[in-house]
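Just the one chain here, the form predicted alone, laid out as structure tokens.
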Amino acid sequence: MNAYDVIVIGSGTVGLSVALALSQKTALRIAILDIKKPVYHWSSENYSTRVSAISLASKKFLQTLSIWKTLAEKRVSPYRKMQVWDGEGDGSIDFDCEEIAETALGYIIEDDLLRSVLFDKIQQTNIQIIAPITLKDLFDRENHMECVSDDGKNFSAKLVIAADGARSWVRDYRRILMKTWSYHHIAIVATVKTELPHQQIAYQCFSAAGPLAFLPLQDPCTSSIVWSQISSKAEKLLMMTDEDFKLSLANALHHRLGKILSVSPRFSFPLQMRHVKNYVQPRLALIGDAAHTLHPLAGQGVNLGLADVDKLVNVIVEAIRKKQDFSSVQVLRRYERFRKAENFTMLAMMDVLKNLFATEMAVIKQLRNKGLSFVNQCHILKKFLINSAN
């Protein structure tokens, strides 16, 4: 029997972060189990297709892990302004970091870079990474959880943290109830070069078919795009030649960055809302995409996951300080109470926004454009929205 205090299942950004944070703040014995061997290659020669918009709160958390300086030295792309507009009207909002007395609204970081830096940092700790390994059973014992692999290996821990993503094996195996529905959208991601420089401005255009986001990268004329479209339109876009796709993309952005000069290979994934009924069970906690997924229109997925990590780690550290059983459901529910409410609010807001811009009703279109214009003229409300996203 391989015995630990904490077993983290999943070696993505959230899984690596929670293991690293616990190792820095406690003396717990920690292991990470994953079905795939975590090998993260990042090169400064090319941009990774998948990126994350990191909020100011997430930046502070990454600073506590002592990895922000390394990230910044390699490649971090701040965005100082954000332009949001209705692609089928004249309503718009312009956000500026100066409105909240900050040097940036957020940062665009390549997923491969973030994971590689986290992984390198973990190599300097006593955390054991056991991969590749496929689990087949997860048992409750009297004072621990027992994980059993398909080749008969046994691992025990006082606490198991499920950070195994949107298709969580732990969640499904434990039959944790979950509310879910399809957004009937497919997200297309790619890296593009534009005729005009982005000037560290993030662009987001809403239309009935779905939102388009241009996220500025370090190169002044390179952006990462996330184009969420209803499935039928997304499939047509994916089948287009590069030339036709570039023209469609420039038109969708209303040519704010001029012509699209080049586009990387396009990748896509279906969008689905998920939210579990219970984040915790005795000796078990779900975090990140294992507990919730949402539409990427606000770019909050990774930020919600890192906020889960921060709260769960703080709850565990506090319980240890008070000599409480950190794996008890009574302690773990403190994490659930904080994060479930905040995540539900964000999920609900994204659903309202998606439906608001998906409608074809003329009255609603008129009202939302007036609403956007009103918000743009109200400094206090704009500041509230910026702070809410951070």
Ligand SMILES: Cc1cc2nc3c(=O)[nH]c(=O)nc-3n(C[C@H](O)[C@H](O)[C@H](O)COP(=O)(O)OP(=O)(O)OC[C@H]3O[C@@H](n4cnc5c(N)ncnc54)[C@H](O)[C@@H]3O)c2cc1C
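Just count from 1 along the sequence shown to find any residue number. Computed from a predicted model, the values in this text were never measured in an experiment.
Although it is not shown, the form predicted together with the ligand is what the next lines describe.
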Item to check | Partner contact for residue 36 in the predicted bound form: the ligand, 4.5 angstroms, heavy atom | outcome: yes
Next on the checklist: Would you classify residue 60 as touching the ligand in the predicted bound form, given a 4.5 Å non-hydrogen atom cut-off?
Outcome noted: no
Next on the checklist: Just checking whether residue 302 would be counted as a contact of the ligand in the predicted bound form - the rule being heavy atoms within 4.5 angstroms.
Outcome noted: yes
Checklist entry - With a 4.5 Å heavy atom cut-off, would you call residue 91 a contact of the ligand in the predicted bound form? => result no
Next on the checklist: Among the candidate stretches 310 to 318, 142 to 150, 195 to 203, 163 to 171, which one is within 4.5 Å of the ligand in the predicted bound form when only heavy atoms are counted?
Outcome noted: 163 to 171
Item to check | Residue among 71, 82, 187, 273 with a heavy atom within 4.5 Å of the ligand in the predicted bound form | outcome: 187
Item to check | One residue of 106, 216, 288, 211 in contact with the ligand, assessed in the predicted bound form (non-hydrogen atom, 4.5 angstroms) | outcome: 288
Next on the checklist: At 4.5 Å, heavy atom to heavy atom, what parts of 224 to 249 sit next to the ligand in the predicted bound form? List them in sequence order, or say none.
Outcome noted: 226
